[in-house]
Ligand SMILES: Cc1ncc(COP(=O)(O)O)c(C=O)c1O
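Let's start with one chain on its own, the form predicted alone, as structure tokens.
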Amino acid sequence: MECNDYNITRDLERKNLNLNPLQRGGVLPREAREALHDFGDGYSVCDYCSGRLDEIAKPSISGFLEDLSKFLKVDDVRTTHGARESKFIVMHSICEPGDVIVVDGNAHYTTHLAAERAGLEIIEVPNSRYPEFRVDMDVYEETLKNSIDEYGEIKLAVLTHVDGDYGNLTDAKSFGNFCNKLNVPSLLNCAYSMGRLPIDANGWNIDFVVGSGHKSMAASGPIGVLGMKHEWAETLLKRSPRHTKKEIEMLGCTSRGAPIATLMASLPHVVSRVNNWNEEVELSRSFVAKLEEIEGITQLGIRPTNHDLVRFDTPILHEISKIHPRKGFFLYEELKSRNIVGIKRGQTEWFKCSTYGMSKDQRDYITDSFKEIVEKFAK
């Protein structure tokens, strides 16, 4: 047979400034690109495997997991195929179908899907709605207490550390402490924080932390992280009685090859860059302030922002789209002509973006470009 042309190319030159929040934290450093080349073949990390992925000594996955647990300040850690798989593993391990869990109102859709796949009932903590969409810990604690009163037992409480819609950073320590006080296991979804900012799972009294290597830890995807207090290891890392080396919830082995090799190669880079988090936040706030100098562009979410992922209401751009011959595609095309990518084609009413890892000059160039575009077309 003849195969179709799959068009396996990527229209993203190195000189382009990519604003896509999904990708900013996953940009590979040089060391990871070299690992990607060396470990791109299938089960490339399994040359010296004796049956346990987490015990492989060459490359030293065992040593990497030891360092990763120290980095996250957590007792036990495993890699998975993504944050969504990590969440499902926790839910499937400690819950039964029909059990009730509580999740925040800014939860990622995969939190809901993981719960649905596990057959769980979901109680949602409301956010504050427009314009902040804040998840308040007092509201979360009250909802959790009311849910315990109504259902008798809540099997898991889930909090999105930084949500993917507004970039709101939540109070993980407060969450961990009141969950512990109420005897409810806690799960912190760190897909947009682990690898960007410091994580202290034990210090925050969190039972489970999940992360995304490809979103925020400079790794080739898909790969996730699952950390836990040691008291949960016997449940989550239970081995098969038939295949005695294999951990059941991991289906024996999880991410192999390029994803884990690049995550390992990037860890020193990631460990270093989280020390610059406060500087990143200041640069993000400056970016927001300059973009908001344009009348008709306003940041949504908690102000001032505490994260690089930011969402903007942009009625001025939407008004331009109504009269522009290219309609909603004008913004994407104008930005691309200036080597700026990552805003979805056709989107003008609002957009979310991230400038994580960019220099101040690059961020200023982006805000100046938006100003030029508005001045060019706005009546």
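The numbering used is simple: start at 1 and walk along the sequence shown. Since the structure is predicted, the reported quantities are computational estimates derived from the model, not experimental observations.
The form predicted in complex with the named molecule exists for this protein as well; it is not shown, and the discussion that follows is about that form.
Note on the partner interface in the predicted complex: the residue among Leu197, Leu72, Val162, Met91 having a heavy atom within 4.5 angstroms of the named molecule is Val162. Residue-level contacts in the predicted complex: of Glu141, Glu280, Glu249, Glu85, one residue has a heavy atom within 4.5 Å of the named molecule, and it is Glu85. In the predicted complex, at least one heavy atom of Lys215 sits within 4.5 Å of the named molecule.
Put simply, Thr298 is far from the named molecule in the predicted complex: not one heavy atom of it is within 4.5 Å. Although the partner is absent here, Tyr43 is a contact residue: one of its heavy atoms lies within 4.5 angstroms of the named molecule in the predicted complex. In the predicted complex, Leu22 approaches the named molecule with a heavy atom inside 4.5 Å. Of the candidate stretches 145-153, 106-114, 197-205, 120-128, only 106-114 contains residues with a heavy atom within 4.5 Å of the named molecule in the predicted complex. Residues of 182-205 placing a heavy atom within 4.5 Å of the named molecule in the predicted complex, in sequence order: Asn189, Ala191, Tyr192.
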